[in-house]
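Take a look at the structure tokens below, where one protein chain is shown in two forms, each on its own, as structure 1 and structure 2.
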Structure 1
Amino acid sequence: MNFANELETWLDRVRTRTVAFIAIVIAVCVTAVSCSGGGADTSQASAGIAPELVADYIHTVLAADRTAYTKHVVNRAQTLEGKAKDNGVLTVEATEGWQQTDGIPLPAQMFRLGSEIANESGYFTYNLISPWYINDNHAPKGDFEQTAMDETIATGEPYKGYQEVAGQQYFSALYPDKAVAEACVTCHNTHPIHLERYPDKLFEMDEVMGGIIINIPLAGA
């Protein structure tokens, strides 16, 4: 009797342990499957990531780099277009004619220099554009850019959509470039090319002065 009881208890223990063991094995398998499944899903998601999101990512990096250059490089220069800067600590001038002088590029020029290199990669293109452009390369081109620029100026919001250029489909997004500092307004309003081309256009603080256009080519359907 005692022996039978002991056997019963022992068998119970074995059963419990086996069940627990099987449960653990199942749990590990499920985790492995869901993890590898998750991995596959992620790679599919990144292959099919929404172009809108890609454009937002690219824009975030571009805007951050431009702000960082303005804040941490240009702001440290002692001179900006011939005018002394209060907080400047470096004996260098940030000037449009940086190549002719010993200066450093303005933020918009730095942005363009970067875009010229990146645009050669063939992955996507980006550019600063404005209806009141100083640099001719910044004129809005084609119907999409014209419409996008008008809408962005009217709403202050990004404009996104699809366009076809030379048989290639693109997802394009235009992000407003606003006069966030007094320097944006003064420099543009007093620039000789601006005065000559747009004598009646006086930028004001917070106004949309142009935009950053990003074009992402889409794989053929």
Structure 2
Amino acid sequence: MNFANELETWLDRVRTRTVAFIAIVIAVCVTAVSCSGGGADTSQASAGIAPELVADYIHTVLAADRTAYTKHVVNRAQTLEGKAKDNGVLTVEATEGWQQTDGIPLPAQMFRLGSEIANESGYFTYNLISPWYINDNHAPKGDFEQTAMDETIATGEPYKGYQEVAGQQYFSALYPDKAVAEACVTCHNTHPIHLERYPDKLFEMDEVMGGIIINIPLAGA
């Protein structure tokens, strides 16, 4: 099996999904009627599909692709960050330094590769955030993300609302990011930065480890 080709196939799928997302956003012409009050206001769009529903569509595909990659690629690798996996069947290593070792990206890295492609479009952005971040780019930013993260950790449910950033109105939604595979738990619990910053935090399967934030800019707000 050629894992370089396998990885490129996954990236092609991400690009295809991104084009589909952009088409959805353009087609529905999301326009806010009212964003007054901020917070978790759920104002409806004046035409097309409500931004809340668009965010749900986007998240469904993002979560499905990431879970599939984690369970059916990373979990089947014979090596995870230098440690042999007894149930591994793919002769490849899943590692943070995948570009230097000819390995494959960890799930969070694969997710970030897709987000970099999507974020270039300008139609919407998405990212991983967590109070237990390893990558500084994944720290909650601003009051909305901090409040959303606190609520999602506490309830295990999505947090949605409107926010304004640099004069631009956004519909933003944070969805819980749960540990869906042993690789998620193992990588974080043993990572040197995690051990240094959060020595008392040990993740367990199905625990909320952070969130997926989706921001959709609104026209005519």
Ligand code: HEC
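Bear in mind that the values here come from a model prediction, so they are computed numbers and not experimental data. Numbers given to residues start at 1 and step along the sequence of structure 1. Under this definition, the rigid core comprises the largest set of C-alpha atoms superposing within 1.5 Å between the forms.
(Q) I need to confirm something. Of structure 1 and structure 2, which is the form predicted alone? (A) Answer 2, the form predicted alone.
Q) Upon rigid core superposition, what is the positional shift of the Cα of Glu204 between the two structures, expressed in Å to one decimal? A) So the C-alpha of Glu204 has moved 2.9 Å between the two structures.
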